[in-house]
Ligand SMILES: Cc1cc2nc3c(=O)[nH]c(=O)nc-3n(C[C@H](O)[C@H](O)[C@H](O)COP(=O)(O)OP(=O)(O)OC[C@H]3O[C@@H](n4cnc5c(N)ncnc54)[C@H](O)[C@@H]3O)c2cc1C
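Coming up is one lone chain in C-alpha cells, specifically the form predicted alone.
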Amino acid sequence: MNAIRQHLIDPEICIRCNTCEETCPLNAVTHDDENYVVDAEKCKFCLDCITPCPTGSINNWRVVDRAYSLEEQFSWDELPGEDDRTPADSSDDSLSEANELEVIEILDVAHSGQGGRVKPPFSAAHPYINLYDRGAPVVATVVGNYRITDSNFESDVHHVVLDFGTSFFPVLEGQSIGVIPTGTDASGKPHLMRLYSVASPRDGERPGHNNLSLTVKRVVYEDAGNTVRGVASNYLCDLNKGDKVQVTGPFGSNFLMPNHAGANILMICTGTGSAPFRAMTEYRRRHMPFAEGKLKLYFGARTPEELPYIGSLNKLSDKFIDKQLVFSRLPEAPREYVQDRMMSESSELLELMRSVETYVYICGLKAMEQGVEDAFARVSEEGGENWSDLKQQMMQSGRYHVETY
C-alpha cells in the first residue's frame, strides 16, 4: 500500500470563519456543526485556501497509509498524532509520497542527537510546511549566486538567492527547503531531492521580497582515485542568474526561533551550519535590534578565509551580538574548537544555561555534536548543576535544539 499525503484542518484553533470553504475551487472543504474538514478524494493541493485562513488551522498535513474519512474528521476535538497512522513504504511510482517520507527520515536523523525533535519555542511563529512536493514542486528563479569564501582557498561556499515571484512560499528562520537537481542518476532515475537550511529571514533576503537564500558548500572529494562531485551542491554552486530551480517544502516545524524580545538565543555552528543562524540574526537585526535578550554565536572554521559571511558578521555591533569566531588551523596558533571557547567562558555560559529565557541551537556536522555536548556537561558540573537534568528541562520547554548531519 502506498503512503499518501492528506490535508487536514486543526479543530482546536479553527474559528469557523468559512473562508476555506468559500475559497476552495473543488468543494473539497465542508463542515458540520462541530468541524471544518477536507475531503481527501476531492483535494488536489491547489493551496488556494492557505492564505485566507486567519489562524493557520488550515495548514496541517499528515502522511498516512489510508486517508482519514470525513466522519472521522467530524468527530475530532484535536488533530491525531503524526504517528497515528504509520505510512507504508512507497513504491517507485509514488514520487511525491516517497519524497515526503524521505524528508521525515532526513529530519529524524538531523534531530537524533537530542533524542528526537523537540517542540518549538512557545513564542515561535506558526510555520507553513509541505506546501510543495516532488510531484508538484514550485519553480524559483536564481537572482544571485556568490562565492562567500576566499577564492584562494579550497573551501568553496556559495550564497544562492532564489526568487519565487508570485508563488506562495512562506518560510521561517530554521526551516529547510528541498532542491531537485536536474538530470538523472547512473540508473536513469531522477535525482533525489536534497534539503538545505534557509539562510534568510522570513521577510526575504531582500526585505519585503518573495525570495530566500541558501548557504551551499561545493562537495568534491577523492575516492579510490576517482573524483566524486556532490550532485546537489555542484548543481547549486554552478547555477547562473535567471536559471530555474524546482523546489519543495517548506520543511521543519521545530527548529524555530523564539519571537519574544526577552529570549536569549545561543547559537553554535560550524561551516554551512551557520545558515539558520544568519536567518535568525538578520530577523533580530531588522525587527528587534534593541531586544533585551542576548544573542550569542559560537562559529567554528579552519581559518577566517573559510568562514562563511565573516565580512558581514564582523560589521555587526558587539552590543547587538556576541560573536565568538573560533579557528582550528591558524598558523603558529594552537588549534581551537567551539567547545574549547565554550569552556573558556564557562561562568557566562552557565548563567545563560540556568535562565529559563535561554534557547540553545546547534547546527552543522555531526562530528561537532559530541564535543559541544561534553562542554555543556563540564560547564554544568563545574557550576554544581546536573547537565542531564538541565538538558531535559530545556528540551521539555522547547529550548534545546540540535540539527546535525
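From a predicted model like this one, the values you see are computed outputs, not experimental measurements. Residue numbers run from 1 along the displayed sequence.
Omitted here: the form predicted in complex with the ligand. The next part is about that form.
Trainee: Can you pick the one in R134, R194, R278, H159 that has a heavy atom within 4.5 Å of the ligand in the predicted bound form?
Mentor: Selected option: R194.
Trainee: Just to be sure I understand the contacts: of I129, L239, I321, V231, which is the one whose heavy atoms reach within 4.5 angstroms of the ligand in the predicted bound form?
Mentor: Going through each option in turn, the one that passes is V231.
Trainee: Please pick out the stretch from 67 to 75, 269 to 277, 159 to 167, 322 to 330 that is in contact with the ligand in the predicted bound form, where contact means heavy atoms within 4.5 Å.
Mentor: Selected stretch: 269 to 277.
Trainee: Please run the contact check for V216 against the ligand in the predicted bound form: heavy atoms, 4.5 angstroms, yes or no?
Mentor: Result yes; V216 sits at the interface with the ligand in the predicted bound form.
Trainee: So in the predicted bound form, is the ligand close enough to A291 to count as touching (4.5 Å, heavy atoms)?
Mentor: Contact check for A291: no, nothing within 4.5 Å of the ligand in the predicted bound form.
Trainee: Using the partner position in the predicted bound form, report whether I106 sits within 4.5 Å of the ligand, counting heavy atoms only.
Mentor: Yes, I106 sits close enough to the ligand in the predicted bound form that at least one of its heavy atoms falls within 4.5 Å.
Trainee: Might F122 be said to contact the ligand in the predicted bound form, defining contact as any heavy atom within 4.5 Å?
Mentor: No, F122 sits far enough from the ligand in the predicted bound form that none of its heavy atoms falls within 4.5 Å.
Trainee: What residues of 386 to 405, in sequence order, lie within 4.5 Å of the ligand in the predicted bound form by heavy atom?
Mentor: If the 4.5 Å heavy-atom criterion is applied to the ligand in the predicted bound form, 386 to 405 yields E403, Y405.
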